[in-house]
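The chain that follows stands alone, in the form predicted alone, written as structure tokens.
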Amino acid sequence: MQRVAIVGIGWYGFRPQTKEVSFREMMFEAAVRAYQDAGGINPREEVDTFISCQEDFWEGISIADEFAPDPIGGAMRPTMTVDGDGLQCLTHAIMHINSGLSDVTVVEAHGKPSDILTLPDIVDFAMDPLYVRKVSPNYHFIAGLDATLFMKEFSATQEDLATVVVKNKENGLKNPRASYASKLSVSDVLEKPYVVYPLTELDIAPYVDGAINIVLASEEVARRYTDTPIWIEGASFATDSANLETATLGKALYLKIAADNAYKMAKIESPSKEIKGAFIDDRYSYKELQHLEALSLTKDPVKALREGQLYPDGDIPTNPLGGHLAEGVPLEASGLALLIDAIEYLRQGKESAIVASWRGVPTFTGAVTVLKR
């Protein structure tokens, strides 16, 4: 396999509401910024293939991907859609380049949850209709079950989960995309009412509108567009189970499978020593800790948190730009939001990073990407 580089990034939004733009205009704004970041690349002449990561389920429009080509410069050009998280979309782009199909591929993902009037009902509709749907009026109950089992195995407390919230929201204060960044205390988190035990309102990342565009290039052409490409060393995605009844609650098996494959591709034998920054899905506070263990970055994530290893100056800097708890969750663009954090981290001179996404309740699907400067 030849190496694949990220040569341009662009984003727009990352606010609770973006009333000034439609989702198509939001996609356009992110694309313009990405092409400028990639040295002024002309998408109509220099991009071989385009991939849009979106889901009719969220858009409320049948065959919503028909709206993708125009805003990103892909009209009358090879454009495909991936129904999944943006980090899964990135893996498809790598396959485009390594198959010889393209030298330059653009990946797009977006989410505009502020346009969705009945979002909890849509999530509920994704549940198994016979055994899971309507078991609880609160779809977060699955995360509550998962969190309780994880906490039991690692002797984690609610104070530990609150510490993750405090850490990430404070980290987000230096991130222009972090609309939900703030300075909190552990007691501020614990005093909030439960959404579902053991998660309070602040343990759950809110939704946010956002669009992201990523420009990828083969090793042969990458330096035409930038002198400082970010190299993708490994990438994979996996599903533990298609339904709640057979899933492995308490563990993120989906992410472990994906991580093992990505490490093998990147020739990484000791992740805890070779990875210098972790950008991982924390849409629930406990998920950051659970995902750290699945990524083999630590055997005891709770101990690592208590010892300060997860802070920006620690041994395992985790979500140093705030993660979803500070930025919010832009639906299918969530994985790419973490990817942009990692790219900015590497552009500041760091050596390596791992990005790990999860598609959220009620799924058990995750994706992992290993990056090096």
Partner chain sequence: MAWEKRGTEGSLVTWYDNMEVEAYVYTAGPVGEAFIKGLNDKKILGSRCPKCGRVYVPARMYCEYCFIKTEDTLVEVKGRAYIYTYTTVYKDHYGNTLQTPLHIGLIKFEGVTGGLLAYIDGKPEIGKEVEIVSYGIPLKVKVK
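Just so it is clear, the model here is predicted, and its values are computed rather than measured. Residue numbers count along the first chain shown, from 1.
The same protein also has a form predicted in complex with its partner chain, omitted here; what follows describes it.
Taken together, the three residues 40, 256 and 260 lack any non-hydrogen atom within 4.5 angstroms of its partner chain in the predicted complex. Looking at 303 to 311, 318 to 326, 341 to 349, 61 to 69, the stretch with residues near its partner chain in the predicted complex, meaning non-hydrogen atoms within 4.5 angstroms, turns out to be 61 to 69. With the partner omitted from this view, the residue of 226, 179, 241, 158 that lies near its partner chain in the predicted complex is 241 [heavy atom within 4.5 Å]. Contact annotation: residue 144 falls within 4.5 Å of its partner chain in the predicted complex, judged by heavy atom distances. Its partner chain in the predicted complex is not approached by residue 166, whose heavy atoms all lie more than 4.5 angstroms from it. Among residues of the shown chain, residue 14 is not one whose heavy atoms approach its partner chain to within 4.5 Å in the predicted complex. In the predicted complex, its partner chain sits beyond 4.5 Å of every heavy atom of residue 190.
In sequence order, 193, 194, 195, 196, 197, 201 are the residues of 190 to 215 having a heavy atom within 4.5 Å of its partner chain in the predicted complex; the partner itself is omitted from this view.
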